[in-house]
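Presented below, as structure tokens, is a lone chain in the form predicted alone.
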């Protein structure tokens, strides 16, 4: 087993701040790309997350008629909380907040929590556009989740463990991303989908007047937007021990390598997803069931054969 140390109270308190900083980098990349597409200076895009945050935190909160305010607030506040909970099992170099023996299962369980949160974010406002967006996400969630589940299972089979640190240690010779490209790409695509971002922004897209964002304002809207980027940041951080060898690398230390790899993955997700238009939900469902699911099952079988060959 790979040796990692559980973080103390100080590091545990700083972890959400560090994840928020990583998410801010991703948001800056996305806004910079949008600014360049509009022909504006890239610097205006870098500063936009801070300007937008200041504006929303000052804005008065709007409430719709007959809204289910309790469930609405649970969904809004739950998005950033679940994103942080996704990251607690991810080792950053030799340090991890929770060294769980079933860290991969925990990460997947937090993904499932996002099903409920996006749906509740659509149900709570008592608004037609929000409700349609929430149901649309719920209708597609299984097409995201099953391929993701098998994509997460493949590295666990190869490493003979569900502990995230063991997955990183099992890649000392060759990264899993090299010989598990299908699982790696499906994992990244599912991360974008569960953040409702880019081509998979079915819960919060302009085709439904913003979907679950249609009725949010002020600090509520800020929490939803931050939650989306935090989910992407947590997934990028998880991709490092899952497929990219963890903190292994020359010259830099394991903590630095983990951060560098996570930033590169997050920037890649923001850049690629920002350039791809919305995928029609019914077409993605067909691709998810007919292409991605069989491909990830086949990838899992390949991992099992390799794992059995190495054990014998």
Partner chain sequence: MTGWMGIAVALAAALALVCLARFVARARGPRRDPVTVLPFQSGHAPVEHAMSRYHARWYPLTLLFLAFDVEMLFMYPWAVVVAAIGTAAIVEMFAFLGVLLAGVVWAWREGVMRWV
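Residue numbers count along the first chain shown, from 1. Owing to the predicted nature of the structure, the values given are computational and were not obtained by experimental measurement.
As for the form predicted together with the partner chain, it is not shown, yet the points below apply to it.
Q: For the chain shown here without its partner, which stretch in 238 to 246, 99 to 107, 169 to 177, 182 to 190 has non-hydrogen atoms within 4.5 angstroms of the partner chain in the predicted complex?
A: Of the options given, it is 99 to 107.
Q: Considering non-hydrogen atoms and a 4.5 Å limit, does the partner chain approach residue 165 in the predicted complex?
A: Residue 165: no contact with the partner chain in the predicted complex.
Q: Does any heavy atom of residue 285 come within 4.5 Å of a heavy atom of the partner chain in the predicted complex?
A: Taking the distances in the predicted complex, the answer for residue 285 is yes, it comes within 4.5 Å of the partner chain.
Q: Can you check whether residue 251 is within 4.5 Å of the partner chain in the predicted complex, heavy atom basis?
A: No.
Q: Taking the partner chain as it sits in the predicted complex, is residue 81 near enough to touch it, meaning that at least one heavy atom pair lies within 4.5 angstroms?
A: Yes, residue 81 is a contact residue.
Q: Mind listing which residues of 209 to 231 have a heavy atom within 4.5 Å of the partner chain in the predicted complex?
A: Read in sequence order, the residues that approach the partner chain (within 4.5 Å, in the predicted complex) are 209, 215, 219, 220, 222, 223.
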